[in-house]
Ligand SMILES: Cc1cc2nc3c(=O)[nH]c(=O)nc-3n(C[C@H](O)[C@H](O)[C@H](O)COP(=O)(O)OP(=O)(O)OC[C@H]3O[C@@H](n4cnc5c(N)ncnc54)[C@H](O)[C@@H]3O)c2cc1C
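Consider the single chain below, provided in structure tokens and representing the form predicted on its own.
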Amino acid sequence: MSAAADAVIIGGGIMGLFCAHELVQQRLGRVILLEKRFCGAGSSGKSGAILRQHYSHRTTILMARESLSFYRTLKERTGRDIGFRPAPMVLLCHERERASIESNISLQRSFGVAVEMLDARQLRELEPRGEFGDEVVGAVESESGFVDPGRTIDALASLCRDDHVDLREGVRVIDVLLDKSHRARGVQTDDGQTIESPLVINAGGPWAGILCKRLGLQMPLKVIRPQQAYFVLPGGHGSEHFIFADLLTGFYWKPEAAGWTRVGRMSYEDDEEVPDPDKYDEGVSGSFVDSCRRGIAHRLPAYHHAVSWGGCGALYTVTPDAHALIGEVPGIAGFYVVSGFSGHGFKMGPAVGKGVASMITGCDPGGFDREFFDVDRFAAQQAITTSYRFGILG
């Protein structure tokens, strides 16, 4: 069996869906999206889906800002409710880090981000339940928020189908086909079908590197297993209205639409590597849950008494500098990689889709900078640097 398309996209997560959405908006032609299980089955479906603009680079600030606007207005524009909920983000750090954070704040403000610096007294006024010693300062971004990842994936899949994307779930790509000139010419699937296409976009998340290896490509993509824990405060202690990233303790937490609080570690340096993303532990360890309780309770003591609702193990695809690889692979014309978002990709999805479409169709790239995400930057020793010790903050 065989078919033909103008573009084949591998992966039905947030990136694959946004790439498909933007390419059909640019009238590229027939777009086929192939997802081996169901849309959102990989990293995207377990995302905290935090939408923040706090970054230390012009490109990522602009892309996060564009994407936040897309998510926030989606229901108004399409009628699809993705559970957008505003929740100011508070980045906590030590007084000695103030100068570095203020430099980032100045950059963010120059692009219209509403953010301000608070001292310990102001933080105590903002969150009366919290314990903030005089050495603690915080950057508060008022426009941030989050969405429901499952509802967002469903909405995007529906938008793609409405735009006549041929979206096929339960179809695994087992190989990318090349012609004699080493150009992409299509893919082969596990059901024996060949789909001819001069354009193949590998947005397979944790599976992206595996597919690249079949082509002899050693991409700097590593799959790891971060964990998250969930807690519910006892009655009378209130609920969470803020997203916190605590650089002093190394933990982040956020409200969930279900009324829970999601807690996780900001560093993923010690997370175990996953050799086979089809087979990994999706549970959470008791020791991790305990560490999360201690981490959040250090700042919000009421969590010493919170009910534990367990947690989950997820997947991140990370790069050495914690920023994605986005672009055409050198030496294989028509083959693009869109992967390696290192735990902060969901908030970038709309801008990434627009950027990928710009490389292919020449449309407006928005804040996307193709050189910033160059897939060959590590070979050229041009890794992206950041002022934060936690790569997930970018």
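From a predicted model like this one, the values you see are computed outputs, not experimental measurements. So that there is no doubt, residue numbering starts at 1 and follows the sequence shown.
Unshown form predicted together with the named molecule; subsequent notes refer to it.
> Out of 101, 173, 157, 115, which one falls within 4.5 Å of the named molecule in the predicted complex, going by heavy atoms?
Checking each option against the named molecule in the predicted complex, the one that comes within 4.5 Å is 173.
> Of 68, 329, 50, 360, which residue is found within 4.5 angstroms of the named molecule in the predicted complex when only non-hydrogen atoms are counted?
Result of the distance check: 50.
> Name the stretch, out of 22-30, 42-50, 329-337, 364-372, where some heavy atom lies within 4.5 Å of the named molecule in the predicted complex.
This holds for exactly one stretch, 42-50.
> Applying a 4.5 Å heavy atom distance criterion, does residue 350 contact the named molecule in the predicted complex?
Flag for residue 350 set to no.
> Taking the named molecule as it sits in the predicted complex, is residue 231 in contact with it (heavy atom to heavy atom, 4.5 Å or less)?
Contact check for residue 231: no, nothing within 4.5 Å of the named molecule in the predicted complex.
> Should residue 186 be counted as a contact of the named molecule in the predicted complex, where contact means heavy atoms within 4.5 Å?
Although the named molecule is absent here, residue 186 would stay clear of it in the predicted complex, with no heavy atoms inside 4.5 Å.
> With the partner left out of view, is residue 61 within 4.5 angstroms of the named molecule in the predicted complex by any non-hydrogen atom?
Flag for residue 61 set to no.
> Taking a heavy atom within 4.5 Å as contact, would all three of 120, 253 and 311 count as contacting the named molecule in the predicted complex?
No, none of the three is in contact.
> Output the sequence-ordered list of residues from 96-130 with at least one heavy atom within 4.5 Å of the named molecule in the predicted complex.
Residues within 4.5 Å: none in this stretch.
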